[in-house]
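The chain below stands alone and is given in structure tokens; this is the form predicted on its own.
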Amino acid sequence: MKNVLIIAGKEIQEGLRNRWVLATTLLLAALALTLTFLGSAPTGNVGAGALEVVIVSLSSLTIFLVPLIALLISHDAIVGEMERGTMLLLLSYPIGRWQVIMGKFIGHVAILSFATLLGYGAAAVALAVTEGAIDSSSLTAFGSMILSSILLGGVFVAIGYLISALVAERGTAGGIAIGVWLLCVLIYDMALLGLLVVDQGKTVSGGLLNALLLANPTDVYRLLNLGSGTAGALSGMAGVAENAALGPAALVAALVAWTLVPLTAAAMVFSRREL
């Protein structure tokens, strides 16, 4: 465990010196604050609290931005160090390859968590100052949204490691990472929507719909944060969530599985790879 924490600390130190972390934090904070002040305007018309509208806005932002950031910081974690020759030096010490993977994962998720907490936390503080008291249920939903956003980031960090372990060049890893982002965030949902429209409920049963939604981690995140209550009504996801019939526990378990499977696969591929 000590070796894992050493690698994690190394990644965090490098991340703090990297302008990516500062830029990511400032970007998340700026977008979150913008959505907070602009997104709270329609609350009087829809009968929703200001924080609930912000949760819907930030969840939609998270689906596009957090996976992209996670893939950008993780796609060259293995192949990049192999190209620079630092991986060979690192493995000359008494440390296992799986420890390298786990240490890097903990470090990258910690960096992503810092950016998310600071960026989205600024929005919550600003809203509390401008709007006054916020009920506890909205605060709980906001906290759940932040935690699930970090978990979604962990999913795509793990996917980035798997890509990095499989390819031989950083450029290839970057191209595949962008392709994965486009597939998960845009193409998959467009194809699923087209399938549902064409099918008209004839073939796609509730069980098949559940499987199709669970096959995409961004859809799991959507259902978790936008599929119930006021958020479901505001986002238009209430109908899909009702037909899917997936509870919060199942959705969280799906995100955890989406993290563990590619992370384990990355460790297995890397353990067999020649340097």
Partner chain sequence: MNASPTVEITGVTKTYGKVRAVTDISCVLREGETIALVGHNGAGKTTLIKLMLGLIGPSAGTVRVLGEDPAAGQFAARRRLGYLPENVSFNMSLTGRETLGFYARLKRAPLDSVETLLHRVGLTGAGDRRIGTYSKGMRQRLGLAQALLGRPRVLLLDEPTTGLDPALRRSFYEIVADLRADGATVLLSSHALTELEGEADRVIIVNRGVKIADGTIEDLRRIAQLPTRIRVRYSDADASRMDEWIGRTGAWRRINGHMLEMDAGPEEKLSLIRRAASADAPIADLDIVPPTLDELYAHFLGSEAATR
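What you see is a predicted model; the values in this text were computed from it and never measured. Numbering follows the first chain given and starts at 1.
Keep in mind that the form predicted together with the partner chain is missing from the display, and what follows is about it.
- The chain is drawn here without the partner chain; in the predicted bound form, the stretch among 152-160, 182-190, 166-174, 86-94 whose residues come within 4.5 Å of it by any heavy atom is 86-94.
- Not one of K202, S205 and N216 places a heavy atom within 4.5 Å of the partner chain in the predicted bound form.
- Not displayed here, the partner chain is approached by I7 to within 4.5 Å at the level of heavy atoms in the predicted bound form.
- When the partner chain is considered in the predicted bound form, Q13 lines it closely, a heavy atom lying within 4.5 Å.
- Although the partner chain is not shown here, in the predicted bound form the stretch 254-275 places heavy atoms of E274, L275 within 4.5 Å of it, in sequence order.
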